[in-house]
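Only one chain is included here, represented as structure tokens and corresponding to the form predicted alone.
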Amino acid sequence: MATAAHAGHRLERRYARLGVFLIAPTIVVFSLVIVYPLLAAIYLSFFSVYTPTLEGEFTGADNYIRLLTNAAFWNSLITTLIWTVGTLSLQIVFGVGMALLLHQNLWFRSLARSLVLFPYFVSTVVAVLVWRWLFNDLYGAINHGLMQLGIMDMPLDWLGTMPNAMIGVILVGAWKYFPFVVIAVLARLQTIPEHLYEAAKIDGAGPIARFFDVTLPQLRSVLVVIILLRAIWDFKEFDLIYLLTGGGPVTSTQTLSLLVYQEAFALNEMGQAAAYSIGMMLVMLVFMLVYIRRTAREA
């Protein structure tokens, strides 16, 4: 009996060493791409660093004091929140609506499900080039179409004036990322028991009542996760906004990501940029904690 117990203990230790060996590469990669850059950013945020040479002097909390007193940070934070709330709202509305449509028994459903994923998988650079052409105030298709319909008499500068620039950026962001919502919601719709709808029909519930009484409660858990994930991803969005407007006109569409980029590579203030990035990370940490608590509760 003692020999069998000893052999079992040795086998458990062998499996434990094997587990450490297998997970070690993941830990190393995680440390190199996440832990080290995070610690480096925190370290740089306490220095006044010149970007080309990465040399500077210790300034303590001066960068963080400047962050709290600088109007550019708060304006960029407000712009980021407007962008996040605006594009996320449209993603949810269009995504849920499209998922409900594709859940119906349509003859072209398979083709439509494939085509709806196109915006999500197309390169951001390609998408922005197409949308910049559509938004062009001289030969853009959007202005041409609106003028042909008689909605407006003169071409509209979509990306060069406010609030048109913010509206344009939000629309492009919603178009680019709403397929993610479609995928997640459609997967959940296919698991809703059919007898719930049959019972609602027997009770006399129409399509709208069935949506609010059956479909929406069943989608609530997945929608919470979608909103939290997309809020985190949209909050840190950089390439789409940078390529579409560059933060303009002036700084009207400049989000926190663009502010960090400007401080680091336009003004060569790497230390201040690091402080801005830490401030941005702390705001995102709120979304992450909510997401972690939500997923833990669901588990």
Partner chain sequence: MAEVVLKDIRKEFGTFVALERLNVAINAGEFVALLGPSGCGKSTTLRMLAGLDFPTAGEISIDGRVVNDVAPGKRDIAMVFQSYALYPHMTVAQNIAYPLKKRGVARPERDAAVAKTATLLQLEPLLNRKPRQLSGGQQQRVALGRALVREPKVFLLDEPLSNLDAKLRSYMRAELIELHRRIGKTMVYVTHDQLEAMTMADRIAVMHDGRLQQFDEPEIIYNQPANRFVAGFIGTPSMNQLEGAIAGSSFVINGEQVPINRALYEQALKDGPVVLGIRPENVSLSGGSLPATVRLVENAGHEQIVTVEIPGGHRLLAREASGQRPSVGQTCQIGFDADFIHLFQPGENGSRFETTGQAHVIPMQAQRSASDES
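Since we're looking at a predicted model, the values are computed, not measured. Numbering follows the first chain given and starts at 1.
The same protein also exists as the form predicted in complex with the partner chain; that form is not shown, yet it is the one meant from here on.
- Residue in contact with the partner chain in the predicted complex (any heavy atom within 4.5 Å), chosen from Ala174, Val214, Met98, Leu189: Val214.
- This chain is drawn without the partner chain; in the predicted complex, the residue among Ala205, Ala141, Val125, Leu117 with a heavy atom within 4.5 Å of it is Ala205.
- Relative to the partner chain in the predicted complex, residues Leu223, Val225 and Ile232 are all farther than 4.5 Å at every heavy atom.
- Partner contacts here mean any heavy atom within 4.5 Å of the partner chain in the predicted complex, and among 195 to 203, 147 to 155, 81 to 89, 133 to 141 they occur only in 195 to 203.
- Looking at Gln218, you'd find a heavy atom of it within 4.5 angstroms of the partner chain in the predicted complex.
- Within this chain, Ala112 is remote from the site of the partner chain in the predicted complex, having no heavy atom within 4.5 Å.
- The partner chain in the predicted complex is approached by Ala209, whose closest heavy atom lies within 4.5 angstroms of it.
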